[in-house]
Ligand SMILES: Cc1cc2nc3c(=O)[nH]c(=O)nc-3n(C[C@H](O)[C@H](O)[C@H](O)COP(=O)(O)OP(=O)(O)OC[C@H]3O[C@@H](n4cnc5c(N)ncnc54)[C@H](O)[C@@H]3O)c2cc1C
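Starting off, we have a lone chain in the form predicted on its own, written out as structure tokens.
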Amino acid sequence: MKKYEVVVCGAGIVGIATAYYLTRKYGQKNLLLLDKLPPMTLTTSKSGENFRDYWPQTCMTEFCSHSLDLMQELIETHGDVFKLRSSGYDFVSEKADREIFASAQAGTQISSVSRTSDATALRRDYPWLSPQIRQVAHINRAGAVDVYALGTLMLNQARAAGTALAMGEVTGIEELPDSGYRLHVSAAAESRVLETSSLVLAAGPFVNGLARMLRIEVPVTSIRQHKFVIPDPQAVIPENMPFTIFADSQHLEWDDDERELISEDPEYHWLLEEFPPGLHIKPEGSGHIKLGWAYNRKVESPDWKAASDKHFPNIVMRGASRFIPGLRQYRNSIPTPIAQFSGYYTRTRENWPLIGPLEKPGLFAAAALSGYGTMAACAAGELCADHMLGAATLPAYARNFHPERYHDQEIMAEISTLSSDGQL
């Protein structure tokens, strides 16, 4: 039976970052990174590959800002292998005085935001946007990153420092009599048993399944979301356009015949309801564009093969053409091939991560980084390592993200005031 000091369950970008900081910051030895699939195969591979330090709460702004600082440290040491590009985000709105996030708090003060609401400047500088757009808020410290290259760099560094990597599905976890855990692992060729002193649950949408093996409920849910990439043969989207997000809610535009058909079919009534803000578009290079919209709010049990949604591209294109009218020509004939990919937003109700010790000794979580795992992975991995190996001081946001925060009256009071969770 193989014994480890630490086993990290989950080889997505957050699990890899945790292994990296345990080994590289603290010199942790005898560590195993364990996953059913090859590294970065599931949720990480479905990333939008974006980053921002603009959030509606101070804790999230500081968290993501620090993560970007850590990425910059990696660049200074290893070179720009993961192509961190500060191209910015553009939040656009049909209201000149709209806040990007409702009742935005002090967290936004860290970010550099430039706003344009002058009609002449908008038409001159953003000719692809609808004349109905009355404001563009540009987030300066935001852009794109190659998540696979970032993860590969940290994984290679962790392995060079002694981290082992193994594939297998955890089918059972037992507490050992004195301390530590026994894991039953099923792999293609064999089943085996591992023991570890410390266990990190960094399994993305499957974190609750692992926790329940130890009779623990982790307060997270998983919601399936989609993105797709298509060619842009008419060059509607400029190649240098920043990642652009429609900050307003909307009702989709239907003609009278379409509306009548929808209203007659109860299964599709939801298409007439209000859709949330957050539809986003970015140029993807080589004449392609990527689009996404996290309008789904249905909680479900995660599956290893998240299914696509045949209606999703048409719905998103209809919504996108509201603020980029040039996309109307694609509404009835979306350019092919359409590459759609689906994954899960695994989140807490307030959309803050769970990072730190769980209720059993030697058990930790690095989980619930819904839709922002790429940009926050470095800070999440470092914070988990800090908790595990007793850092002298922890950042202020550690208290907000601690799994025990729901018993902290001050943090719960802060959560109760939130009117926006920052999800895109």
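Each residue number is its position in the shown sequence, starting from 1. Keep in mind the model is a prediction, meaning the values are calculated, not measured.
Omitted from view is the form predicted together with this ligand, to which the following refers.
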Problem - 60, 66 and 348 each touching this ligand in the predicted bound form (heavy atom, 4.5 Å) - result: no
Problem - Heavy atom within 4.5 Å of this ligand in the predicted bound form - residue from 181, 344, 82, 128 - result: 344
Handout entry: Single option in 378, 31, 34, 365 placed near this ligand in the predicted bound form, where near means a heavy atom within 4.5 Å
Key = 34
Practice task
Go through 43-51, 387-395, 22-30, 352-360 and give me the stretch that gets within 4.5 Å of this ligand in the predicted bound form, heavy atoms only.
Solution key: 43-51
Handout entry: Proximity of residue 12 to this ligand in the predicted bound form, heavy atoms at 4.5 Å
Key = yes
Exercise for the section: Would you check, heavy atoms only and a 4.5 Å threshold, whether residue 245 touches this ligand in the predicted bound form? Expected result: no
Exercise for the section: Give a yes/no on whether residue 322 approaches this ligand to within 4.5 Å in the predicted bound form, heavy atoms considered. Expected result: no
Handout entry: Contact flag, residue 326 vs this ligand in the predicted bound form, heavy atom cut 4.5 Å
Key = no
Fill in the blank from the handout: Looking in the predicted bound form, the residues of 364-399 with a heavy atom no more than 4.5 Å from this ligand, listed in order, are 369, 370, 371, 372, 373, 374, 375
